[in-house]
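Given as structure tokens, the chain that follows is alone and in the form predicted on its own.
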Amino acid sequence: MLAVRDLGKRYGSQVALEGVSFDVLPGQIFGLLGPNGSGKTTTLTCALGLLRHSSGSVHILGHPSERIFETRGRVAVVFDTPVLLRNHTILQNLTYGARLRNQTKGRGPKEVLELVGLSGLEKRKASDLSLGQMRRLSIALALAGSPEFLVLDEPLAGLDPIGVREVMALLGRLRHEGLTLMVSSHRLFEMERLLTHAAVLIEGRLAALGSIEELLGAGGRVRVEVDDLEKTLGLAQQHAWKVLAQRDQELTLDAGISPQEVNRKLVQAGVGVERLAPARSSLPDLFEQLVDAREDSP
């Protein structure tokens, strides 16, 4: 769906992006994550052909980003600020949008309103909607027709908890519909529940890339409950395992080896293992680690 290779963007001597590469494949819910000012929106606008990149290449649905017009009807975009005809009804907004796109097939107003949970509100003016409802109407406008690839820039921006819940539920439904999504966001906790894959940007550079399981999977981290804490701590010191957390007889270790190998070494040392499981991280934890590593780098 999207192939980004060594993407760079400069404004004079200021570097906004440098060496960013990733792919978005069909069926993924891909997150472009990072703090404000990390380069997420710049990456999106370059990918959508709205901003000329300084170096590298971007192809969307097989076309260079500067020729994105050739993907008309196949790519839909929802920006962080809803762009609506506020003095017009929901149905009028959808009808006008279809006319602008010269839409003659695909999802019609009734289908998209059911999909986004706005059925029964067709005659309500856009100006009378909550921000969460406006965001859902923006997504309805994007889904009209039959797009293959939906791009959303900060879809949770400015929403209260109810609005966040509504939009998250909608994006979850779209995921199960089989639509490919790319979501730019700094809302790490919510994105962890939604995404299948992610790229993390920090200061315009790619800091991490992979599936959510790869990014948050245990790797060498395990959570283990043992019958001999002193012997386990000695073994950890012997093998240079990091003790990340300790609570009673339970330890979280970063051993750098598989859980099976940790279990084998503990048993061989005579430690009784009551429970052992991979220790999954979280996106906020990962982000903190990446920021710390960035600050520590020369």
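As the structure is a computational prediction, the values presented were derived from the model and not from experiment. So that there is no doubt, residue numbering starts at 1 and follows the sequence shown.
Below: the form predicted in complex with a small molecule, not depicted.
A.B. asks: Can you work out which of Q249, S57, N263, T41 has a heavy atom no more than 4.5 Å from the small molecule in the predicted bound form?
C.D. replies: By the 4.5 Å criterion, the partner-contacting residue is T41.
A.B. asks: May I ask you to choose, among G234, G272, G256, G37, the residue with a heavy atom within 4.5 Å of the small molecule in the predicted bound form?
C.D. replies: After the contact test, the surviving option is G37.
A.B. asks: Can you tell me which of 240 to 248, 28 to 36, 61 to 69, 226 to 234 lies within 4.5 Å of the small molecule in the predicted bound form, counting heavy atoms only?
C.D. replies: Contact criterion met by 28 to 36 only.
A.B. asks: So in the predicted bound form, does any heavy atom of A16 sit within 4.5 Å of the small molecule?
C.D. replies: Taking the distances in the predicted bound form, the answer for A16 is yes, it comes within 4.5 Å of the small molecule.
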